[in-house]
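So this first bit is one chain, no partners, the form predicted on its own, shown in structure tokens.
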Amino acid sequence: MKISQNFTKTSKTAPADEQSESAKLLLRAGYIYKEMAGVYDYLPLGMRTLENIIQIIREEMNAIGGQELRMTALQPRDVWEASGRWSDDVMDVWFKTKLNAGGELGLGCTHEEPLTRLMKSYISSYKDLPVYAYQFQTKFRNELRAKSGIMRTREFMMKDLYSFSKNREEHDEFYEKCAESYKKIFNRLGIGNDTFRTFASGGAFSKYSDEFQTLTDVGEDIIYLDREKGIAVNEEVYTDEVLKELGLDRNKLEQHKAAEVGNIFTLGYRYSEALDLTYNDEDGNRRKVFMGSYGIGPSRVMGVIAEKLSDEKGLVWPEEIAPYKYYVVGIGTEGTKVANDLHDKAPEQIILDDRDKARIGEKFADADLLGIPYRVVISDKTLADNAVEIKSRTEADTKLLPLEEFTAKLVQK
């Protein structure tokens, strides 16, 4: 990408009605555009960042046997009535619409029911199990309050995986495997050190569910953390009985505000029973399928990362999710030529600030605001030493790097 060809522009100000600091930065940097409260567009830089987050999650889901599919957002009424979740009294976040030809549809807020019905066409024997199906898809939820930027929206990207197992034992094995996978994901996303498995209410399906909570002052939840054990308890289940069962000492727990970035639930037989998803076991007996669900919101995670890792200058993206790795500035005749040549060799890694009229200080400020991991200056002066000047976004000092070595880094990706 060349800055001169990018239709978005950076700004020193954000919309006055935006309360979230992360959203203000993302708006100023041209990553997102606000359509209305709780609804945002992802612009080219934001789209690349979101796709990088999605790819990390995809790789880890595939590594534990996940199979990716894409389901429809438009949902028929009958499948939700079968589970009792069509009514607004039960599910108060529905967006619904009437068809001109008659009837009513919902915009999918989650996908347990439709995927369970889909699996009836493919699961009939114990030999067909287990199945771990997941998708990345836009969800719609009629949130009453949507004021945290992309951390809580009415339209958002979700990774939802659903497990279909022969029994509780097979389910529990995968459940723990998925929990470990989530730890890997958050480590790769750069927030692993501040993200903790958190015991929360399991609702009607199990005693507990597991949330993955990232410590942040803008979080909506209160958790109690045992840092030594690396686990936490959500305030909603913070009782002496729960602490005793989990082997936690109240005196060792730290209270923190946190934002939920993922969750895993045991669903049991609720949906397989409601939608009659069964299989024949080894003895020919008909059994209900045991289910679980596992969610991560890539767009919400992007907001949390922007909130956690930003500073007074702007965004600070980890290398693996940044839209580009290098922000390159060419100075002088030869420096500009070399900068353009390197951009053409590695356009997926370099964002080139080729603006003629922008001052060097303005370019450096935009490099910081955009959060690109490395700022690289190529000038006639650095080329006299056959080098480039490189600076990490998280460090104050610059250093000279041989041009040949920098070029080799581009080839290596």
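The first residue of the sequence shown is number 1, and the count goes up from there. Everything numeric in this text was worked out from a predicted model, so none of it was measured.
The next section is about a form of this same protein that is not shown, the form predicted in complex with a small molecule.
Identify, from the list I150, A232, V328, A306, the residue with a heavy atom within 4.5 Å of the small molecule in the predicted complex. It is I150.
Identify which of G108, G314, G292, G262 has a heavy atom within 4.5 Å of the small molecule in the predicted complex; exactly one of them does. Contact check passes for G262.
Just to confirm the contact call: exactly one of 268-276, 128-136, 67-75, 150-158 touches the small molecule in the predicted complex at a 4.5 Å heavy atom cutoff, so which is it? Comparing against the small molecule in the predicted complex, the contact stretch is 150-158.
Mark M302 yes when one of its heavy atoms lies within 4.5 Å of a heavy atom of the small molecule in the predicted complex, and no otherwise. Answer no; every heavy atom of M302 is more than 4.5 Å from the small molecule in the predicted complex.
According to a 4.5 angstroms non-hydrogen atom cut-off, is E143 in contact with the small molecule in the predicted complex? E143 belongs to the contact set for the small molecule.
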